[in-house]
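The form predicted on its own is given below as one chain in C-alpha cells.
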Amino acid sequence: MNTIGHLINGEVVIEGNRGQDVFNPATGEVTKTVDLASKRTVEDAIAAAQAAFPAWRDTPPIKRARVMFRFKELLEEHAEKIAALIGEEHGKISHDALGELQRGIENVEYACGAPELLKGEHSRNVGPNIDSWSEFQPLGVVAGITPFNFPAMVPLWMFPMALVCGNCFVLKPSERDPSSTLYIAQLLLEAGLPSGVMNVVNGDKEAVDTLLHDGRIQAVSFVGSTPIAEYIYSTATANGKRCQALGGAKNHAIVMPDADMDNAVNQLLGAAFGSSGERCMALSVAVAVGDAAADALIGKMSEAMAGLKVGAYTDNRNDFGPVITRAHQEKVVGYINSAEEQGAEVVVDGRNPQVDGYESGFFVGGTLIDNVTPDMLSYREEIFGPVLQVVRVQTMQQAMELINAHEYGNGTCIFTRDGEAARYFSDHIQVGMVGINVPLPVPVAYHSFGGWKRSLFGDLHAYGPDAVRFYTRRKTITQRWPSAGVREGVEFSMPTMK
C-alpha cells in the first residue's frame, strides 16, 4: 500500500514509525497510509527552511515571481491529476475539485505581482536633504496548518504569498487527504523553487505543537474549526509568533418576501449542498421573513432537491459526494436527529441515501429541516454537512438580530429586490463577508478573506492585500547626506520640520 511521506529540503522523506489510514470516502476503503511526522522530522523541515532563507530573502522579487508564473502553468497543466487526487481522498466531485483548484490558482496569479506589491513607499525631502522610505521585509520561516475540506485551495491561500514576500514555508496539511497538497508542493520544485524554501510535513497534534513552540517559526496561518483556531492562536501568540487563525461558521441567508424565489432556491442549492456542505462558507441556515416566504421556500426547495445527485467523484453528473469520514457522517446524522428530537421538521431526509455500487461510502444526502429555532443544538453548532435549516421570523430586523447574536460571523447574504433593504443589511450586519443575492461571497484573490467574531482570531485576513502585511515586517529608513562643508550645530530638542 502506498505511503505518503513528507517533503523536506526537496526530498520525500518517510519515517515509518507512525502512520494513519487514508480512506476513499466513496467506498469506505483504506487506499493509502500517511506517515505521521515526529517532532524531530518537523524540526528537520524547519531547519531546512531556516538554511534556505538567507539566499531566498536576497532573491529579487521579480525572480520569485517568475517561479510563481511557471508554477501557475504547471498547476493548469496538471489540473486533472490534482482533481483526481482530491476526489480519491476527499470525495469531492471532479467539477468541484477543479473549481477549488482554479480559486487557488487565482491566488498564485496575485502573487505573481510581487514586484508591485512589495514596492513600499518613498518620500523625498521630508526635511533638509532628508529622504524617507519604507520597505516590506520577510519574516523568516513561517508555517501553515490547513484543513481537509480544501486540500488545494487553502494552502494556495498561504504559501504563494509567503514565498514571494521572501519567506520560507513549512506546511502541515490535513492528514485525511494529503496527496494533492504534497503533489502541488512538488510542482513548485519543478517550477524552479530552490530546495528547502517550501517544505511539507504530514502529521497530527505532535507536528502542530512543534510548529507552535519552535522559536524559528515566526508566523502561523491556520484554517479549521473554532476550538482548534482558538488553541492555535493562543499558543502561537504566547510563543511570540504572529498568527491568523480562521475558525468555524454558521452562515445565514435572509430570504425576504420580495426575493426572486426561483433564483434564491437555485443559489441556495449550490451554497448549501455543494461539496457536501463541507465549506466554511456553506450556507447552512435560511432565515425566511414571513410565513408566506417560508412556505414558498420550503415548497420550491423540496421540489428542487428531488433532483439532487450524490455519488462518487468520478461521475461529473453527481452534484456532491460523500463526507470525509465515517465518524463525520455519524456526526452529521446526529445533528439531523437532534433537530427532529427538539421539534424541528425534517422535510427532505438525507440520512439514508442509496448510492448504487457505493453502499459502504460515507454519504449523507441533501437534507432540509423546517421550523428550526435558535435554542436547538443543530442551530447553534456548525454541522459541516449537506443540511439546510430554515428559521422563520416575521421581520428583517428579527432576522438580522438572529445573525448578529450568533457567536460566528464568517459569511452571510440576503435575497431581495429592495436596494434600501440590501444597503441597510450590508451596513449593519456584524459579519465579515456579505453577499447581496450572492450566496457564497468569497472574496476574489485581490481582496482578502476573513470573518468576524469567533470565526477569526487575529487582526489580518487571509490572502490578498492582508497577506502582504501578514508575511512581512515594515521597515522605515530615514537618511541624510549633508552638503560638502556644511556642519550643523547640536540640537537637544525633538527634531521637527522648521
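None of the values given here were measured: they were computed from a predicted structure. Residue indices: 1-based, along the sequence shown.
We do not show the form predicted together with nicotinamide-adenine-dinucleotide, though everything after this point is about it.
Interface residue remark: Y233 is not counted as part of the site for nicotinamide-adenine-dinucleotide in the model of the complex, having no heavy atom within 4.5 Å. At the 4.5 Å threshold, heavy atoms of F159 stay clear of nicotinamide-adenine-dinucleotide in the model of the complex, well away from it.
In the model of the complex, nicotinamide-adenine-dinucleotide stays beyond 4.5 Å of every heavy atom belonging to F425. In the model of the complex, nicotinamide-adenine-dinucleotide lies within 4.5 Å of some heavy atom of C280. Checking Y379, F384, F136, F362 for any heavy atom within 4.5 Å of nicotinamide-adenine-dinucleotide in the model of the complex turns up a single hit: F384. The partner is absent here, but in the model of the complex a heavy atom of G224, alone among G311, G224, G87, P353, sits within 4.5 Å of nicotinamide-adenine-dinucleotide.
Only one segment in the set 354-362, 146-154, 339-347, 95-103 has residues whose heavy atoms sit within 4.5 Å of nicotinamide-adenine-dinucleotide in the model of the complex; it is 146-154. If you take 194-217 and check each residue for a heavy atom within 4.5 Å of nicotinamide-adenine-dinucleotide in the model of the complex, you get G203, K205, V208, in sequence order.
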